[in-house]
Ligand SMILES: Cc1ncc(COP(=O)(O)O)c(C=O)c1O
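One chain is shown next in structure tokens, namely the form predicted on its own.
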């Protein structure tokens, strides 16, 4: 008997692509997307639309006819605005020639993996971690070596010595996400320095996802590799406009790397996406130049949301939880619930609340759930009230 045409088609694609799993987050979203009166706390965004001053700048550029092919590295005003923003946010002077604009933070990560990974190369990734990181590496034939974070009285912590021990002869990249999604773990300056010195000795690359670097609650910004790495060493920092300025749907991100890699990133942008629409880039300039007040409001609202989550969970003896140092996620477990995926579906059906299961974020948290508290306090309060009733 011959294979069906459908089977033959699937068997013909690359093994790395065929092996890619369905997103564990999207699986739950698709299950419940059309449910009425559901409180969605599953994805990494709030419920505020992009501020008018950003949208107006993009609209003005659109009306001016800024609709043609453009700079693959990003328009010069945006690269300069990014350099200025980073220089005032961190203890580092950033040259705009080191900044490259991408179609979202996901493209920033994907294009970096394309640049660095050969089939069989290994990438060490602290886990739990945003699942798209591992997928981007595996698409290139890379091998992911997870290192487990630990949950205890101090919340989520990472043993840097274990990260170093996981690096073998095939290791090419150490990937770090700080503040972390989904855990909220924030790497200290001492940990960053130790990891950077190790990477220098071994000739390894550090790829640092600092998307949530400004969404912290006890300081202006989280420690950044931009502040300690030399401009021309093997460190790539990726970021996005999505979280700080409520621009998730705009699909705009950036990379900071050695300016020696400028032509490499330009080529990768050209052959992947051919660049970000020019009129959107003008909106991003407005976000950077005029968006500090909005960003402060975002952080303040998330801080109130974090407090609301902490207060609610303190009343639930079955819940194990520690307030995150950064990002806008509560990552918690429920005693007696050992299967996070099953619990996510159960909470949709019984509480009409959408959460992301910890199983979606790689190994290390099979019984944890992720709740995004970046939304309005009214929506968050309703979702927490339903969870409290369901989890008592």
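Positions refer to the first chain, counted from 1. As the structure is a prediction and not an experimental result, all values here were calculated from the model.
Quick note: we don't show the form predicted together with the named molecule, though the next part is all about it.
> I'd like to know whether residue 109 contacts the named molecule in the predicted complex, with contact meaning heavy atoms within 4.5 angstroms.
Flag for residue 109 set to yes.
> Residue-level question: is residue 243 within 4.5 Å of the named molecule in the predicted complex, judged on heavy atoms?
Looking in the predicted complex, residue contacts with the named molecule include residue 243, since a heavy atom lies within 4.5 Å.
> With a 4.5 Å heavy atom cut-off, would you call residue 213 a contact of the named molecule in the predicted complex?
Flag for residue 213 set to no.
> With heavy atoms only and a cut-off of 4.5 Å, decide whether residue 183 touches the named molecule in the predicted complex.
Residue-level check for residue 183: no, no contact with the named molecule.
> Does the named molecule, in the predicted complex, lie within 4.5 angstroms of each residue among 177, 209 and 251, using heavy atoms as the measure?
Each of the three qualifies.
> So which of 71, 294, 313, 130 reaches within 4.5 angstroms of the named molecule in the predicted complex, heavy atom to heavy atom?
Exactly one listed residue reaches within 4.5 Å, namely 130.
> Exactly one of 155, 277, 104, 231 has a non-hydrogen atom within 4.5 Å of the named molecule in the predicted complex; which residue is it?
Contact with the named molecule in the predicted complex is made by 104 alone.
> Tell me the stretch among 297-305, 284-292, 145-153, 235-243 that has any heavy atom within 4.5 angstroms of the named molecule in the predicted complex.
Heavy-atom contact with the partner occurs in 235-243.
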